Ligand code: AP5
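Shown below, as structure tokens, is a lone chain in the form predicted on its own; questions about how it binds or moves come after it.
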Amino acid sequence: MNIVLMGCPGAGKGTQSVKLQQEFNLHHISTGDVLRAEIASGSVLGKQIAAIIDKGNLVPDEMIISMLENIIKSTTKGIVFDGFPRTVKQAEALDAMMRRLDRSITQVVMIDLPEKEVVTRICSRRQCKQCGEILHVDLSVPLSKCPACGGELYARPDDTPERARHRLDVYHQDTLPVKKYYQTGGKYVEVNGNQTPEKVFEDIQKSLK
């Protein structure tokens, strides 16, 4: 099983990807995590990626495809793609890459979320440095520790109102056409993202059956 999980920024792709990973023993590939790891490594590529992201723009396709292909080659598990593809060109490149690796995308799930919820979710998002748990906090009483493990919580640098709106603009311009691309293949389904994470996951499971 190889799943593409789609949705606007803040739709809960990361949370649902982890649930899918655990439920179906999949390899979770978050392009965001892959890119952040490359940046943290201090490599030349990481510095180039950091400069691109700092401007709120998308990382070039060839950089992402190269990194993802190396990861996929290293596992025999099914994959859940979190945050990729974001453009039709990337979707076509992903299909070509999967064919080279004798794999294919089996399901594309779109987590649909009203835009009015997007900025609020992004700005209230916090992630644990220790366990990676993603939380949405009450900004009037921000949490300082992760309730799951007690680790330190932090806000991603691009989780600001200005960056959120820019990312939505990029999403509408580049990512929504991917929906049409996948709809023609008969593997595309939508679930309502404006529910509890548990209910969203329940709906995703039903769509996979």
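We number the residues from 1 along the sequence you see. Because the structure is predicted, anything quoted here is derived from the model rather than measured.
As for the form predicted together with BIS(adenosine)-5'-pentaphosphate (AP5), it is not shown, yet the points below apply to it.
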Is Q21 one of the residues lying within 4.5 Å of BIS(adenosine)-5'-pentaphosphate (AP5) in the model of the complex, judged by heavy atom distances?
-> no
Report whether the minimum heavy atom distance between C8 and BIS(adenosine)-5'-pentaphosphate (AP5) in the model of the complex is within 4.5 Å.
-> yes
Looking in the model of the complex, any heavy atom of F81 within 4.5 Å of BIS(adenosine)-5'-pentaphosphate (AP5)?
-> no
Is the gap between I122 and BIS(adenosine)-5'-pentaphosphate (AP5) in the model of the complex 4.5 Å or less for some heavy atom pair?
-> yes
Tell me, which of L26, M67, V59, C146 has a heavy atom within 4.5 angstroms of BIS(adenosine)-5'-pentaphosphate (AP5) in the model of the complex?
-> V59
May I ask whether I72, L101 and G185 all come within 4.5 angstroms of BIS(adenosine)-5'-pentaphosphate (AP5) in the model of the complex, judged by heavy atoms?
-> no
Relative to BIS(adenosine)-5'-pentaphosphate (AP5) in the model of the complex, which residues of 9-36 have a heavy atom no more than 4.5 Å away?
-> P9, G10, A11, G12, K13, G14, T15, T31, G32, L35, R36
